[in-house]
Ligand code: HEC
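There is one chain below, alone, in structure tokens, taken in the form predicted on its own.
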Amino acid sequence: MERFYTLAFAAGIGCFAVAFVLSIAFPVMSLDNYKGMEYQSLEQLAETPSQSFVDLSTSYPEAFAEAFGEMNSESYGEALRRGRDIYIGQACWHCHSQYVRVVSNEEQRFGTPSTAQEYNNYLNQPHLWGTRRVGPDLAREYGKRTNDWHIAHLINPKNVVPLSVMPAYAYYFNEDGSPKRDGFSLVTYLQWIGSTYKGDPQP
């Protein structure tokens, strides 16, 4: 009996050692897939303002001018960076992930699984992959909704999603519904998420 326990112990140590070596080897072996992958800086991402950002500047000209001055690549980059920081600061990533995994039928729910290239840029580092699905994954959010939808959703989520448990962020907006500086930034960032995906259009 003692011999059996000794063999079982040795087998357990052996399995642990193999698993440990493989947990190092597999990631190193996969690095070849990422050679030559281009990193995009904030300046590169903001070089051409998105149509949604342009629309915000024309829909709310006075509020936009007060928040950012002119509509150009500099103000677009500032709004993206500030919006990402607010998104992190408000812990939005706790309930909204930004990573479509290859398990649990996620492809059917959210679209094509995410790729490494999508995250090799300034706005996706640190990665906001998340661990929960209280709200939908946002990795394929780009181009799905209008600025007005996002503004209404942030002011009072239940106005557009009746069963939503998301808190309201009305303090980012004026009483007339026009965005404040942080409101512009948050909507701009939300409209940007998923724009680095270069595959087929998502449903």
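Keep in mind that what you see is a predicted model, and the values were worked out from it rather than measured. Numbering starts at 1 and runs along the sequence shown. By rigid core we mean the largest C-alpha set that fits within 1.5 Å across both forms.
From this point on, the text means the form predicted together with ligand HEC, which you will not see here.
**Q** Would ligand HEC in the model of the complex be within 4.5 angstroms of a non-hydrogen atom of every residue among 54, 65 and 181?
**A** None of them does, since no heavy atom lies within 4.5 Å of the partner.
**Q** With the partner removed from view, which of 41-49, 155-163, 173-181, 66-74 is the stretch that lies within 4.5 Å of ligand HEC in the model of the complex, judged by heavy atom distances?
**A** The contacting stretch here is 155-163.
**Q** Consider residue 60 of the chain shown here, and say whether it contacts ligand HEC in the model of the complex, taking contact as heavy atoms within 4.5 Å.
**A** Close contact is absent here: in the model of the complex, residue 60 is far from ligand HEC, nothing within 4.5 Å, heavy atoms only.
**Q** Considering non-hydrogen atoms and a 4.5 Å limit, does ligand HEC approach residue 84 in the model of the complex?
**A** No.
**Q** With the partner left out of view, is residue 143 within 4.5 angstroms of ligand HEC in the model of the complex by any non-hydrogen atom?
**A** No.
**Q** Consider residue 128 of the chain shown here, and say whether it contacts ligand HEC in the model of the complex, taking contact as heavy atoms within 4.5 Å.
**A** Taking the distances in the model of the complex, the answer for residue 128 is no, it never comes within 4.5 Å of ligand HEC.
**Q** Within 4.5 Å of ligand HEC in the model of the complex, which residues of 132-155 have a heavy atom? Give them in sequence order, or say none.
**A** 134, 135, 136, 138, 141, 144, 145, 149, 150, 153, 154, in sequence order.
**Q** For residue 109, state whether the C-alpha moves by 2 Å or more between this form and the one not shown after rigid core superposition.
**A** Comparing forms between this form and the one not shown, the residue 109 CA shifts at least 2 Å.
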